[in-house]
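This text opens with one protein chain seen in two forms, each one given by itself as structure tokens under the names structure 1 and structure 2.
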Structure 1
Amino acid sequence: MKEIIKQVFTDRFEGKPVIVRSPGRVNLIGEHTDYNEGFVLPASIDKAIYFAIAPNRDNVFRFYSYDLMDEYVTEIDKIEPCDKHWANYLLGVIAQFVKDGKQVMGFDCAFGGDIPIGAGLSSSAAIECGLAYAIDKMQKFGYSTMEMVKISQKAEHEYAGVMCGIMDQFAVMHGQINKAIKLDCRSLEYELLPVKMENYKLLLVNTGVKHSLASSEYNKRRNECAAGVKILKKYNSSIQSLRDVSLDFIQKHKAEFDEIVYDRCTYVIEENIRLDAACEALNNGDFTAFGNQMYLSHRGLKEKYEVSCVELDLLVDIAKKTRGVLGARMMGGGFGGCTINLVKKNAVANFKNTILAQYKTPEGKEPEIYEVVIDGGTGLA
């Protein structure tokens, strides 16, 4: 893909481009914990978007999307949201540099890649981080990795209109080969954990269901968690989020809770506990124990947080009954998207055949199955 994008640039533009690779990401465990100031365990992957970028003398920004076969051009002093949805992710990044007092020179950019769109692999974060990194390198601004993460997140907030947490951009920029990132969503401190996958594979199965409920239900879950914190704060004023609450403490005050709010809150507390157990399993190279935490995570998301759907549950059930599968769960906000599956390498073919035989998308099609490898974060290609 790198050579294709380089050639696309050469065919359309002039100059010698900087080439940047920016990956997608998976989240191994730790769902809906980020906005509760908890922990997540993402990793960047081998599916990525490539950028070829070089300055021009025309005082314009020219973008060409190879995947969409579409272009967008604007003058350098006219950076504002536009009606071309994909361009806003890129314009938002430029806008953040400008806000920070930087003069971004006109440039030409071709980009494209192999991250499946709408599969929950954060193609938007890959685009934002890739362009931020490319501009920084092209103009030698010298931004830190963390500063570029924040630029990319603000681009998504302000230009794409998505109030995302920081996990996606953080994982895309900080990823390392064969390492998962245990990220503290409160302090943004992180630890790299080994994921020795010699005998195992990560496979994603796309339900084919779009996340139609995700945004409205997401806000509802945030409010339910906040309502729980408000109750508990009466008994301990130092509690800022569910991160600060033990299971014993919330159980002690269960009588004060609406049943739904109690389920939401205990799910988040338990998911942080599961994530710790999963990290310990990784450090010990115990993939059976890790896979068990994945199954428990899905059960919590289904029964307590209620963000799963029939299709996700069916895929997890099929995985659980299939030889050589150590763990499976829904990944992402819920109500559709993908399951993530931990499978023994020698059982991959059987897993794929079993899924294709037993699951069809709502349109009656075979589901897309992606093998992913934990790979490095955004950088020069």
Structure 2
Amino acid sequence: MKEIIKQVFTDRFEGKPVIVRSPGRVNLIGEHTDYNEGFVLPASIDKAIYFAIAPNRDNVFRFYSYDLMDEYVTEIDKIEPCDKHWANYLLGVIAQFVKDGKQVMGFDCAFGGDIPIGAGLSSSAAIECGLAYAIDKMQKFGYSTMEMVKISQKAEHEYAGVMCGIMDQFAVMHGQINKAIKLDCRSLEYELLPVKMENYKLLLVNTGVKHSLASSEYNKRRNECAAGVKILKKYNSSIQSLRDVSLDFIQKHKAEFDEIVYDRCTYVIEENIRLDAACEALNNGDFTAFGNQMYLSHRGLKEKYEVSCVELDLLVDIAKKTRGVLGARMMGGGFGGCTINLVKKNAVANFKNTILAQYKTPEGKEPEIYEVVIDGGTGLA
């Protein structure tokens, strides 16, 4: 892919480009906990977007999307959200550099890769982090990776309108081969946990449902969690987020909660507990225990947080009944996208066949199944 994007650049533009690779991510467990200052366990993967970028002398930003075969051009002093959906992720990044007082020079950029779009693998974070990294390298600004993570997250907030947490951008930027990132989304301290996959595989199954509902429902979930925190804060002013709340404490105040808000909040508290159990299992090499936490996570997302959908539920149900599958859950924001499945290596073929025999996308097609490997984060390619 790197060579293709380099060639696409050379065919269309001039100059010697900086080449950057920026991967997608999976999340093993810890869903919808990041914006509640809890814990997540993502990892960057071997599906990525490549950028080729070099300055031009035309005072314009010129983007060419190889996958969409589409171009977007704008003058360097006209950075604002536009009608072209995909371009906003890129413009949003430039806007953050500008806000930070930097003069971003006109450039040409070709990009493309193999991260499926709208599948919950954070293709948008890969784009944001990749461009932030590429601009930083091209202009030698010297931003830290953490600063670029924040630039990318703000781009998503301001130009895509999704008030996402920090997990995706963090994982895309800081991922390492064969390591999961246990990230404390409050302090942003993290631990890299080895994932010894000799006997197991991670497989993603794409429902074929694009999670377009996700942004409005996502922002709604954030507000519901904030409403819960507001109630509990009355009883303990040191509570800043659901991270600070124990199950005992919320149970004591159940009567004051609207049922939905109560379910949302208990889901988040329980998911943090599950993540701890899952990390312990991972450290002990106990993949069966790890897989159980994945199933429990899915049940919480389905029943209490209500961000699943029938297609995701069906895929998890099939997985549960299939030999050699240790765990399965929906992944990412929800309402579509992929399930993540932990499967014994010797059962992979059977898993794929079972899924293909028992599940069809809403359009009646065979679902895409991706075997993913945990690979490095955003960097020069």
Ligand code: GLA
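Since the model is a prediction, treat every value here as computed from it, not as a measurement. Note that the rigid core is defined as the largest set of C-alphas that superpose within 1.5 Å between two forms. Numbers given to residues start at 1 and step along the sequence of structure 1.
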| property | result |
| --- | --- |
| Of structures 1 and 2, the form predicted alone | 1 |
| Rigid core fit then residue 193 CA moved by 2 Å or more between structure 1 and structure 2 | no |
| Rigid core fit then residue 236 CA moved by 2 Å or more between structure 1 and structure 2 | yes |
| Residue 308: Cα shift of 2 Å or greater between structure 1 and structure 2 (core-aligned) | yes |
| Shift in Å of the residue 250 Cα between structure 1 and structure 2 [rigid core superposition] | 3.2 |
